[in-house]
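What follows is one chain in C-alpha cells, specifically the form predicted alone.
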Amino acid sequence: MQKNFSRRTFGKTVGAAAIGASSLSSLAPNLGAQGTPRENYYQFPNGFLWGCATAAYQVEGAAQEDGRGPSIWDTFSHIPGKVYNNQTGDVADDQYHRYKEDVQLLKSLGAKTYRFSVSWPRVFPTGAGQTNEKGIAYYERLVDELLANGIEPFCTLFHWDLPQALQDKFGGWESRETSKAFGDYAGYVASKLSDRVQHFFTMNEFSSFIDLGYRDGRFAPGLKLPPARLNQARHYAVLAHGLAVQAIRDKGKTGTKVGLAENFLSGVPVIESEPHVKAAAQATRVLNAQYLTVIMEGKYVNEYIQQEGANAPKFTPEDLKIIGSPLDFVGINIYTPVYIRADDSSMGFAVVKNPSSYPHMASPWLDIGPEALYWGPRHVAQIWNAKEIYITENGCSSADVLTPDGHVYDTDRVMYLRNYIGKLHRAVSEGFPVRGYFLWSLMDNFEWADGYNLRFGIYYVDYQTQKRYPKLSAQFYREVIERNAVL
C-alpha cells in the first residue's frame, strides 16, 4: 500500500530515524569513536597476490609486424559477420608498442602480478619449425619491464590464438600433431623465459576454444563438429596440455611451476545443506569430465564415457598418463555460478536453470553469483587436493560511459567485485589455499565475437586515440590492493 508523505511529515520521519540511529551507535562493536572500523574482518593473508590478466590477441595488435604469423582469430575475425561490426584484433590496444605504458598502469594500481599470454604464431609463425626471434624478444622485453617495476609475471602459453597453419595442415585441435607442436612450443618458451618467469599456465579455458570454436561455430575456427569428432578434439587439447607440462618441466629452469587456467563449471548448492553440498561436489566432477577432471585424475569418469557411448574419445593408457601429469598449481576462471540441487537420479544431482528474472551484467551470459568464488576454490581443494590455487580470471562487463571530463563511474562493476572478492575472502579464511587473484581485465580490449562492443577493463580505452582512463573500479581495486582487504 502506498503512503502519502508531505515534505513536513517526511522531514519529521527522517529526523526521528537519525536520532534513533544515533542512540544505537553504542551497539555497533566494530566501530570506533568516530565511526571508523576498529578491525577489518575481511583482511587477506600477508603475501596474497593481487593482479590483472590479459590475452595476447585481445590487447597486443601488431598482427602482421616483426614476423608474426596469422592465427585462426586473424582469419575468423576478417570473415564478414563473424564478429560484432566486423571488428578485428589487428590493432586492439596496441600493447605490442605500448607495453611500458601498460606496465605503469599496473604499477599505479599497486598490482603484485600480471598474467599475460604469449601469442603462439608470434613465436612460431607456422606453429612449428622455425622460431621467430623478434617474437620471443618482445616477451622478454615485457617480462623485464614487469620485473623492473616490481611486478611478478605469470605467463599463459595458449589463449586461443592457434596458428592458422596448424588449422590448415592438421585441422587444428582435431589432430595429435597439433598437440605435439604445442608441447614443443611450450618447452621453447619455458627455455627462454623461465629464468625470469616462475609460473606458467599451459592453456586458458578448454571449453571456450573447443566447444565454442569446434562445436558451436561462434569462435574461431568456426566449426560445428559432430559429437565423435568434437570429443576427439577435446581429447587432443588436454593431451596438448599434458605434453606441455612435461616439456616445461624438461626445459624450464629449476623452480619453475606449471599449471593451467580453466573456466570449469563450479557447482554451487542451491541451499547450503549437506545433501545439496554433496550433490554440488559430484556435479563439479561430472560436468568437468572432459577437461579439468581428466587432467586432475588422469582418467575419464565413467559417467562421461557412458553418456557419450560410441562418440567417446579414443585414447591410450599413455595418453591418460600424460594428461594427468601432476600440476604445481591450479588456476580457475570464475564468473558465474552453476546452481545444483540433490536429486534421486543416477547422477545424484540436477542443474537448476536460472529463471528469466535472474540478474546479470552487461553480457547476457554473465549471471551474478558471488558465491561461485567461494565454492570454486573449495571444490578444487577438496575434490582434487590442490595445494596452490589462483583465481586467474574474475570480472565483468559494464555499460561504461566516458564522461566529458574523463571519468567512468562503473558502480555496477564495483558492486560485482566487492561481492565476489568478499566470497573469495570466505574461502581464504576457511583455509582453502588461494594464493592470488587476477582481475579480468586490466583494460578494455577485443572481446572475441563481441568485438569492442563489451568492455571488461578497469581502465577505459579510447580505441581511436589509444588513451587509457582509470574507471571508478580501478580506484576501488587500488584500495583493495593497498589495504589487502575487501572494501
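Residue indices: 1-based, along the sequence shown. Treat the numbers as computed from the prediction; the structure is a model and nothing was measured.
Not on display, but discussed next: the form predicted together with a small molecule.
Only one listed stretch (265-273, 154-162, 370-378, 307-315) carries heavy atoms within 4.5 Å of the small molecule in the predicted bound form, and that stretch is 154-162. By the 4.5 Å heavy atom rule, the three marked residues Glu60, Ser117 and Asp444 all fail to count as contacting the small molecule in the predicted bound form.
In the predicted bound form, no heavy atom of Tyr339 sits within 4.5 Å of the small molecule. When contacts are judged by a 4.5 Å heavy atom cut-off, Glu393 counts as touching the small molecule in the predicted bound form. Proximity of Tyr459 to the small molecule in the predicted bound form falls outside the 4.5 Å heavy atom cutoff. In the predicted bound form, the small molecule sits within 4.5 Å of a heavy atom of Tyr335. Between the options Asp412, Glu205, Asp328, Asp74, the residue in contact with the small molecule in the predicted bound form by a heavy atom within 4.5 angstroms is Glu205.
Interface residue among Phe432, Tyr42, Tyr452, Trp440 relative to the small molecule in the predicted bound form, by the heavy atom within 4.5 Å criterion: Trp440.
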